[in-house]
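Listed next as structure tokens is one chain, alone, in the form predicted alone.
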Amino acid sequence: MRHVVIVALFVLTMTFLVYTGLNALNPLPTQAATQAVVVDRMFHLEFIAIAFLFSLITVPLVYSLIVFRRRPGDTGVGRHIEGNIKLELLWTIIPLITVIAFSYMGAQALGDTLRVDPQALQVKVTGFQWAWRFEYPDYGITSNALYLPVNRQVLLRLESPDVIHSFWVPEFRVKQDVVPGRETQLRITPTTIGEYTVRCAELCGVSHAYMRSPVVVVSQEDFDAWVAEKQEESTEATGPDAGRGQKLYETLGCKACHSVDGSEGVGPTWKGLFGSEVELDDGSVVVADEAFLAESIREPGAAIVAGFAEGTMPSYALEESQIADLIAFIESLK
């Protein structure tokens, strides 16, 4: 019994030290949403369980190696132990109860993250290879950055035109797969003003690592001002604009494959492309005019440039105005 008490005290001490060490490492990013508080509560309970199980295994092992080691001159045979029914029942029942308890708490946490606010702001999110687009149907605007008002629930309606993506902002904790052919939903209530980044958490192609977009949480007043500014820009936009095209080039992931300085890349460089003669893989030669570039953006597989692999570029779900802006940017790269 003396050894049991000593081991138990060492286990409790080691559990405290391991849990304290895990917290000191600060493994979780900043909490920036109501949902993060609920998820972190579960994480900390799991950290305690991890620290306890680690201690429960290592402490008795190390204690036994030190205290019950064979002494010099000891030639005796250890006591033969057949088993202990009570102990076996105990280490079966206790983990079962623990798992059931964590399942119940997990269900409660899931319910908290899915709680519906009828006044939630709705945002349509389109994830495509390899960028994000955000539409605000209540305001009639579209953005390549996700702007959110603080302390107001947001309903994200997620869609994908190509492959499975996954919407994830680490500071919000929760994430949701974006599945082709169906709409998935995610509810977030930002609580901290600041700038974050949405990442794709599902391997979705060669430029998966570049599928990032800014997330900006602002006050309600600043959000209203941003909406008004975007609506004004939309009203003033009367034709293709190279400046907007350059922003699309940077935010849509085009720069991952197409250079603007003539250097080689996964796809043809855009420098000097507009109006030039382009040889296709079937041996024919075409002029890279507006019609050819528009078709190449809408249907990348329609005409493959010689020297480049087919199927490398996905079909982007872009609006006609965005395509026109990209072509205007390409035209400016003489």
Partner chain sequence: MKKILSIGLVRGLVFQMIGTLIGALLVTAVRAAMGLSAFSARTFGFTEPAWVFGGFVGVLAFVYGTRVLDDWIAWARGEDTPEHREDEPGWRKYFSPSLDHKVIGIQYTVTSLLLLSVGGLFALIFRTELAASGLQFLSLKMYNTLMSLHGIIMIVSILLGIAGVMNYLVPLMIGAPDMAFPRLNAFSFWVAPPAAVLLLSSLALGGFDTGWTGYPPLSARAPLGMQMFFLGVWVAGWSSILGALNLIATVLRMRAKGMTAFRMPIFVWAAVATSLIALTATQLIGLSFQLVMFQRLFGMGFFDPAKGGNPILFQHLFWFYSHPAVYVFVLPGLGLISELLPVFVRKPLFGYRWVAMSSLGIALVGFLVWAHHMFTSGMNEYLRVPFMYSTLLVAVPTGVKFFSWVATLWEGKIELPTPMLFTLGAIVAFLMGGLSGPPNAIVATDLHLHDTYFIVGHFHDTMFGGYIFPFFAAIYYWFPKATGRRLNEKLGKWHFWLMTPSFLVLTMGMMRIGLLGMRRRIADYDPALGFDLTHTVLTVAAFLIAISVLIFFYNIYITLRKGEVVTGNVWNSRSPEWQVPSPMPAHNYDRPIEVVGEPYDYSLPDAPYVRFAE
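Since this is a predicted model, take the numbers as computed values, not measurements. Numbering follows the first chain given and starts at 1. Just so we're on the same page, rigid core means the largest C-alpha set that superposes within 1.5 Å between forms.
This next part talks about the form predicted in complex with its partner chain, which is not shown.
Between 75 to 83, 117 to 125, 243 to 251, 137 to 145, the stretch whose residues reach within 4.5 angstroms of its partner chain in the predicted complex through a non-hydrogen atom is 75 to 83. When you look in the predicted complex, the only residue of G275, P29, G265, G301 with a non-hydrogen atom within 4.5 Å of its partner chain is P29. In terms of contact with its partner chain in the predicted complex, the residue from A225, L203, I193, L155 that brings a heavy atom within 4.5 Å is L203.
Among heavy atoms of P95, some come within 4.5 Å of its partner chain in the predicted complex.
At a distance threshold of 4.5 angstroms between non-hydrogen atoms, P170 is in contact with its partner chain in the predicted complex. At a distance threshold of 4.5 angstroms between non-hydrogen atoms, L333 is out of contact with its partner chain in the predicted complex. Its partner chain is not shown here, and in the predicted complex it never comes within 4.5 Å of any heavy atom of E159. Heavy atoms closer than or equal to 4.5 Å to its partner chain in the predicted complex belong, across 177 to 201, to the residues D177, V179, P180, G181, R182, T184, R199, C200, A201, ordered by sequence position.
Relative to the superposed core, Q119 undergoes a Cα shift smaller than 2 Å between the shown form and the other one. Core-superposed comparison between the shown form and the other one: the Cα of L87 travels less than 2 Å. Comparing the forms between the shown form and the other one, the C-alpha position of D74 differs by 2 angstroms or more, with the core used for superposition.
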